[in-house]
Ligand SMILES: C[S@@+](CC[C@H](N)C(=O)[O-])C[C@H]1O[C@@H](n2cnc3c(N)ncnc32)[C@H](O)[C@@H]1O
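Presented below, as structure tokens, is a lone chain in the form predicted alone.
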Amino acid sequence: MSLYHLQMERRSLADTVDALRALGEPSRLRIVAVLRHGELTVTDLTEVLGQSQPRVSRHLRVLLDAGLITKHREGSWSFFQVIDEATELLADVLAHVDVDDAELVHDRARLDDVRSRRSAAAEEYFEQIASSWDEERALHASVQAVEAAIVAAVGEQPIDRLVDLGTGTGRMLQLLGAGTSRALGVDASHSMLSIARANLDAESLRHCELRQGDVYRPPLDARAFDVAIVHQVLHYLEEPERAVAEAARLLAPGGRLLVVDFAPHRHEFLRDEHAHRRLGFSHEQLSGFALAAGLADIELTDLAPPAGADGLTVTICVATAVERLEGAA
């Protein structure tokens, strides 16, 4: 048995009976079997199961009341997923079900169709904005070089719990999330979350979660993560120091914050055409944000733009949460 299972909270006898009763119905067992592959909306589930929305909603309510799944809102949509504490119980129950059962095979095929359409919609949206992204990327070091520097900054120390604030397409979750027990991306844009969800599906990163939320007020508990990332986000913000403070709030003592952004530059068109509010940040500014947030051991690394180009220098700032953050709000 894994350490994770040993540390899980056990259910009371009454709660276990309630959970088993909730699972004692074919449609609800099919729902949790599908949700083990990742979070889905009611609309997704109605398509997978071939049932009406009211009927699926009733089944979801029973599973919610039994403490087997959870729900979070993203704009007008609600996403459902299996809760961590229920994974072992569900695995044990589903282990007794034939994986080649006709209904389950049909459900998995429909789930693949749902994900394929989700991916196609995300790609269509991304194609509309790709040209502006390409224009910006041409000004700084290659994506591969930046990502290699991020991985080096994280180091070889394993990451258990990761949060990416302003996750965008979910690329940081793809880059760093595979070895984590929990990886969560937060973004205010429903469209960007749709892209991130498709990208995570494509790489089977089922344990990575996405939440719609404000980087100034992320809907997350304090001291809940080992690593927090704010990647190419600060230059869009009116109050970048506030976002850094919120990221620091999410770190457990000893946790690390990675801020990746541009050094000061003079490319005014990024304001006019790409909604940048800040034209980069100096080492002194980034260090000041980290110190004000109660972080220490600050390290900064610059990646120069392509040779001969009047481009953008990418700065990576790494800082560590200290014990005194335990008393923070």
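Predicted model only: the values in this text are computed from it and were never measured. One-based numbering along the sequence shown.
A second form of this protein, the form predicted together with the ligand, is not displayed here; the remarks below concern that form.
In the model of the complex, the ligand sits beyond 4.5 Å of every heavy atom of Val259.
The shortest heavy atom separation between Asp214 and the ligand in the model of the complex is within 4.5 Å. A residue is said to contact a partner when one of its heavy atoms sits within 4.5 Å of a partner heavy atom; Gly255 fails this definition for the ligand in the model of the complex, lying far away. When the ligand is considered in the model of the complex, Gly177 lies well away from it, no heavy atom lying within 4.5 Å. Taking a 4.5 Å heavy atom cutoff to the ligand in the model of the complex, the contact residue among Leu200, Leu184, Leu250, Val233 is Val233. Out of the listed residues Ala109, Ala188, Ala91, Val97, Ala188 is the one that sits within 4.5 Å of the ligand in the model of the complex by at least one heavy atom. The stretch that touches the ligand in the model of the complex, counting heavy atoms within 4.5 Å, is 159 to 167, out of 98 to 106, 159 to 167, 219 to 227, 111 to 119.
By the 4.5 Å heavy atom rule, the three marked residues Ala245, His283 and Val314 all fail to count as contacting the ligand in the model of the complex.
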